[in-house]
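In the block that follows, a single chain appears as structure tokens, in the form predicted alone.
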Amino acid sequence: MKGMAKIGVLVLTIAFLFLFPQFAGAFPVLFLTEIIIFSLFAMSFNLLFGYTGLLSFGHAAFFGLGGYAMALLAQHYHISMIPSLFISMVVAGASAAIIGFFCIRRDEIYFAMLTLGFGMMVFTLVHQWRSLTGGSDGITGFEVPVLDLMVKKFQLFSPWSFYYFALVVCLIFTLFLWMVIHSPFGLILRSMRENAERVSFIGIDIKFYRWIAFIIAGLVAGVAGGLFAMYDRMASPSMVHWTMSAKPVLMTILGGSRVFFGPVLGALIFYLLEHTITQYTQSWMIFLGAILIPIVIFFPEGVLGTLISWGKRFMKGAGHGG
């Protein structure tokens, strides 16, 4: 019954997401598009944090590199959307392979500091390489690539058409992450999170598995970055800054790192709070922090994780009471 309830909630949520643009205006559609993209970004981060036990402070490097690759392709080569997104993913994944090769050799705070250091190196690179990246101005003035499905071509200029494209892509990669996490590979990642030393005693190469997880997380972050560059119609150094890396951290902690869809709820809460507070003050970060602190204190497993724990306790108590 529990499994059926979860499937029912998932089906209803997906149905709502597909029907939403039919009765919503341009702004709500754009707003939800951004939440969907950042949900994927946060889930890619959570593959490292929640399931592998690695805290990355430089995950925006791959998000931004995917965005820059997409923007450069759109500006200079006019390749259609799907090949452009694939190249963006490859660029981010190759960068993750190189950076991860060095970062996974250390644990805990040392890993976090290494990712932060590499992230700031990428930021400096895109900020200073003005001839390629536009420097502090970023890359703007490009057209959104056409979606070529062989049998028919679609323009993605309108908020509604781009929303559906982003939604389908994010659902595909969400399914991909779910398959990774629930595979034998994912089981090993969770085992390493709980006790890496014990896992190494049975002959598993911990560094290799962490490296592969790092690459997968970078690939998916690159897809999210490519989508965001098209959504925002620009790629700028802010996409690779450490403050951008803080967003998936906050979203994951808010929603719950031990629950697969925790980062999705965290992204929704984060953006709803940001949007609501900015309507009243420009100093929204102060008030956002004041709201986030009690949420983190009273929901130690994240909002979704804590609610699930409460539900399990309630059902257990009800079962004993019966």
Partner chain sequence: METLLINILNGLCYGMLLFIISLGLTIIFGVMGVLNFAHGSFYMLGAYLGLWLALHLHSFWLALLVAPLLVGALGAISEIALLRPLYNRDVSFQLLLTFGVLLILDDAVKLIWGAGYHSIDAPKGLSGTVHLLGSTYPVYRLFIAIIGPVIAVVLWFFFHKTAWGKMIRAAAMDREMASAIGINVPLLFTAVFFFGTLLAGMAGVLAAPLRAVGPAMGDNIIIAAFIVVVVGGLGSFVGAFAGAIVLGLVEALGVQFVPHLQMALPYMLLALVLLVRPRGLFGSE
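Numbering follows the first chain given and starts at 1. Everything numeric in this text was worked out from a predicted model, so none of it was measured. What we label the rigid core is the largest C-alpha set whose atoms superpose within 1.5 Å from one form to the other.
What follows is about the form predicted in complex with the partner chain, which we do not show.
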Legend entry - Selected contact from I87, L177, L250, I79, since only one has a non-hydrogen atom within 4.5 angstroms of the partner chain in the predicted bound form: L250
Legend entry - the partner chain contact in the predicted bound form: M150, any heavy atom under 4.5 Å: no
Inset, instruction - Answer for F118 alone: is it within 4.5 Å of the partner chain in the predicted bound form, judged on heavy atom distances? - result: yes
Inset, instruction - Tell me, yes or no, whether Y110 is in contact with the partner chain in the predicted bound form, where a contact means a heavy atom of each within 4.5 Å. - result: yes
Inset, instruction - Flag R106 as yes or no: does it have a non-hydrogen atom within 4.5 angstroms of any non-hydrogen atom of the partner chain in the predicted bound form? - result: yes
Inset, instruction - Give a yes or no on whether every one of A97, F154 and V168 sits within 4.5 angstroms of the partner chain in the predicted bound form by heavy atom. - result: no
Legend entry - Which of 121-129, 89-97, 169-177, 208-216 lines the interface with the partner chain in the predicted bound form (heavy atom within 4.5 Å): 121-129
Legend entry - in the predicted bound form, residues of 273-308 near the partner chain [heavy atom within 4.5 Å]: Q282, S283, W284, M285, I286, L288, G289, A290, L292, I293, V296, I297, P300
Legend entry - Core superposition between the shown form and the other one, C-alpha change of F23 at least 2 Å: no
Inset, instruction - Using a rigid core alignment, state whether the CA of L272 is displaced by 2 Å or more between the shown form and the other one. - result: no
